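Structure 1 and structure 2 below are two forms of the same protein chain, each written out on its own as structure tokens.
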Structure 1
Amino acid sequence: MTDSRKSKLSFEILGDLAVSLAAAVCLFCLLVFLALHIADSFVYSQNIEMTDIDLDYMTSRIFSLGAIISVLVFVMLFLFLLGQRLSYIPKIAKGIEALHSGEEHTVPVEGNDELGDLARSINYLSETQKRVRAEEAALQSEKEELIRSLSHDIRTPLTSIMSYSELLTSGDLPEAERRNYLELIRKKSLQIKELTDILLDGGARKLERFDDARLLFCQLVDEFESSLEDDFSIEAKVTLSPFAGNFDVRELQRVFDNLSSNIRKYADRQSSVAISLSLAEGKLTLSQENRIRADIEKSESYGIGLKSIKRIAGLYGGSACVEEEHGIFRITVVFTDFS
């Protein structure tokens, strides 16, 4: 950005030169005036008679000595002022070296000339480098978290496939039940493929528009019940009116899969599992509650799966709140940005 008040380094150096020259001229005049006055007083007090040649010689010597002293003062003063100005260069050079090596360093801004501009530019680049490094670290952390989350989420349908496969090979099954298990295996295989695609695409989302998203969530709740009904008593409550929204089905499936996975790992099979869905004031709320098994070790915890749910809820401008009280686990997931 151009600033009309900005001074140029060359003009500042010329200014230092002018100041040094003015000081030297003033000093020369003062020295010559004082020397001539002292010489006249001395000649007068001593009654010394001097010829015109002697006076000219004395005057020329005084002028010469004054000129020599003034020149020396001019050179020393100018070099001093120039040195003060150029002493800023090593600070800038240090900043450039730190910038080159990737270190964080701030150059003090002095003046409003080219050197000051250079210092400001170095500080801007240093701050930009710091910000870019922080963003890269955040992206790397997010990428690692995504990989951990997806790797965890892949285990849920994979476990289901293993369970259904064991059932198919355990003995004779009615044809209808056998086909049902095969269809479930196919669906879970497709889900693993989709999760793998997400992993390879770096977490790319595929939002779809649903004119009646209530049907989608009802289907997800039905699948949730079906996956757990053989081992748990499920109490489902869906109080949704038809509503429209943009959702990534795979993300929602991961939320429900993580809930069912945590239930299988930690829920008390003798107690019922409650799940509810409601929509009020533009907030879609999913709540799930279960009693925790008494034999759960302290080292065991709800970890990666819940982090995945929280991350997905955040993609919809919402949040996920986890509570544990008196052996009851409760999670409330809120979606706010889906219209």
Structure 2
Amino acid sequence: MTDSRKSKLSFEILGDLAVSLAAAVCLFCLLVFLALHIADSFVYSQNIEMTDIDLDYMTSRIFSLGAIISVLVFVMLFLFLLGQRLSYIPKIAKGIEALHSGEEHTVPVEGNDELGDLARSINYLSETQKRVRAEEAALQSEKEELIRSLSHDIRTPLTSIMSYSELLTSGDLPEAERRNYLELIRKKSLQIKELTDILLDGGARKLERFDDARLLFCQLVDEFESSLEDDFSIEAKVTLSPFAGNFDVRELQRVFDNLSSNIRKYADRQSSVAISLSLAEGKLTLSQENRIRADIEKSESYGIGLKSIKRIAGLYGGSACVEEEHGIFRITVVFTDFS
């Protein structure tokens, strides 16, 4: 809310001058009038006879004294009032200093003149500076999170490439199996390339329209199963009717890679791993459940994969909910905005 009655500092100082002058004039009149009255009363009560010269002399002294005292009162009053106005300037200067050094500081806003406007502007600049700093910090944090998340996600296909390369170099393998592993290495290399492209593009999305996204998700679940079936028993349940949607395949691959990476690190190999996909009321729900290994050691990268899944689910207007209870790990990822 702004007050439309703006005043100028010069007019306010003139106002103070006028008040001081009026007070001094009133005081002069009062002093002279009453002093003359007191002098007359004194002379009368003391039966003093005064000549005209004496009277004139007394009157002129009263006038002079009255004038001197009035001038003194005028000067003192005006100095007090001016000092009051000017004492605001150091407060404003303190605000400017704080702004310069980047500290948080609010200048008290007094009056509706140029100094008050200056104080308001300084406060606005200080608020803006604070907001910009916060936005910068948030952007920096987001950038670091993206780098951390992508680095973690790159590690999963890289680990697969290393495993398959070791298998290829280990011994005699049938030609079909060798070709299969080479194909997997090629796919994982492409995946790493796409992830580094995301890193270089600053996280830009590449949404593609799928007329039947069910096929895409079935393929992702199949790849998920095949990456884990050597070490785990997988129970997959996909109950999807044909549906259309816009998806970034790289993002979905990262979700499944993070799930499989966590299973490899933390799931109990003696128990089965369950994964299910369903579509209801426009919400695509991906659930995964496994028993947690008793002897896990949480590494530095613990939680980064889950954070990445949550972030990707957020990009589709959804969420990821993680529960760990009685040795069972359960994650439910919901995608809502993909049409």
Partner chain sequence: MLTSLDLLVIAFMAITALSLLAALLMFLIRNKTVRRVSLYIVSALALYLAAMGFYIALYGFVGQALIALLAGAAAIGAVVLDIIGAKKGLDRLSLASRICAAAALVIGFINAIS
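Predicted model only: the values in this text are computed from it and were never measured. All residue numbers here follow the sequence of structure 1, with the first residue given the number 1. The term rigid core refers to the most C-alpha atoms you can superpose between the two forms while keeping them within 1.5 Å.
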Structure that is the form predicted together with the partner chain (1 or 2): 2
For I275, is the CA shift between the two structures at least 2 Å following rigid-core superposition? no
Once the core is aligned, does S287 move its Cα by at least 2 Å between the two structures? no
Core-aligned CA displacement of C26 at least 2 Å between the two structures: no
Once the two forms are fitted on their rigid core, how many angstrom does the CA of I62 move between the two structures? 2.6
Rigid core fit between the two structures: Cα deviation of T51 in angstrom: 4.6
